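Just one chain follows, in the form predicted on its own, and it is written as structure tokens.
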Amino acid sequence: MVAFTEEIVDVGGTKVHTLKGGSGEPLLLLHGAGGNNGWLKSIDALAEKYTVYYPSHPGYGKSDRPDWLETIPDMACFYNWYLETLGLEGIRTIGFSMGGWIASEIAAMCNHSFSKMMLVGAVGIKPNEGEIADLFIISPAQVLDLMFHDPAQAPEYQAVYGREFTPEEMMTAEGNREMAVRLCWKPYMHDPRLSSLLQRVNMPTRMVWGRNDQIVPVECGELYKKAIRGSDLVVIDNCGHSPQVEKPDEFIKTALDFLA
């Protein structure tokens, strides 16, 4: 595995726990509503080509929770500040699920923040026909059942999700869920303005979706593609909401081809 460090980045007095590792040009990863799952196989592969920055969002994990941060647009403002603090404007980025929503808000707000953007199963745009699963009225175990098309094909499933969690890990997961509710509850998992705002985005953008995503329908990927000029959509067959975990080899190839 690529060696990585754990660092604390101070952004205006808010301390952000950040995993950093690899070499090459910088790459920002933005995790989903469940939190930062650590240095998995897919991230390690990216770190062989890039210097990966993988922060836990404010309010998640070991990062501080500022009182003023209440919405995804707030989070986008914060991450613009994070990038300025580290001198990383113009970085490549990959956003997973809620992290894809954050990335798209950043791109709509400030076109020069990213040079390339990849959105993986991103929420943020409300589907016209299907619906985004309501993760806050079902149990975490039910959310996990929806995440994967076939857990048996996910090589790290047992290590990440299939073991017994410590009391500290359970407390962190509850805190992450509480922060997700704070950010995404109303309106649920989307920004009504976003489709229109994304029309100003002109950076290379790729959406990646699992064809069998039961949390965010592929229709949302099509809507992102329609909103962002010149973007493309890669759909991975026999895969659910987390291709980076369920189909890591296909995800890694798709990501590296796009980021190069």
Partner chain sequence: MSLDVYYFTEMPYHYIDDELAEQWPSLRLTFPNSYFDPNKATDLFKRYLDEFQYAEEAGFQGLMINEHHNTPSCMDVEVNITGGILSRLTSKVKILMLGNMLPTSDNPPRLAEEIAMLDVISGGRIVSGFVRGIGVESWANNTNPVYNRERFEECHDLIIKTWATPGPFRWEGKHYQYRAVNPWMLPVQKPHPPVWVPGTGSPETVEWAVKHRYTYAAFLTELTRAKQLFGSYREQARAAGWEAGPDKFAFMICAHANETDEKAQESGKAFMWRMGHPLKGPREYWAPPGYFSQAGVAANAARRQKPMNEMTYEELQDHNHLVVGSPDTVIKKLRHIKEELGIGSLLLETQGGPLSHEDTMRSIKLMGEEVIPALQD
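Just so you know, these numbers come straight off a predicted model, no measurement behind them. Residue numbers count along the first chain shown, from 1.
There is another form of this protein, the form predicted in complex with its partner chain, and it is not shown here; the text below is about that form.
Colleague: Suppose contact means a heavy atom within 4.5 Å; in the model of the complex, does that hold for all of 131, 146 and 218 with its partner chain?
Modeller: No residue of the spot touches its partner chain in the model of the complex.
Colleague: Have a look at 100 to 108, 86 to 94, 157 to 165, 180 to 188 and name the one stretch with heavy atoms inside 4.5 Å of its partner chain in the model of the complex.
Modeller: Single hit among the candidates: 180 to 188.
Colleague: Residue 136 versus its partner chain, in the model of the complex: is there a non-hydrogen atom within 4.5 Å?
Modeller: Output for residue 136 is yes: heavy atoms within 4.5 Å of its partner chain.
Colleague: Quick one: is residue 140 in contact with its partner chain in the model of the complex, heavy atoms, 4.5 Å cut-off?
Modeller: Residue-level check for residue 140: yes, a contact with its partner chain.
Colleague: Does residue 70 reach its partner chain in the model of the complex if we count a contact as any heavy atom within 4.5 Å?
Modeller: Contact with its partner chain, yes.
Colleague: Check residue 152 for me: does it contact its partner chain in the model of the complex (non-hydrogen atoms, 4.5 angstroms)?
Modeller: Looking in the model of the complex, residue contacts with its partner chain do not include residue 152, since no heavy atom lies within 4.5 Å.
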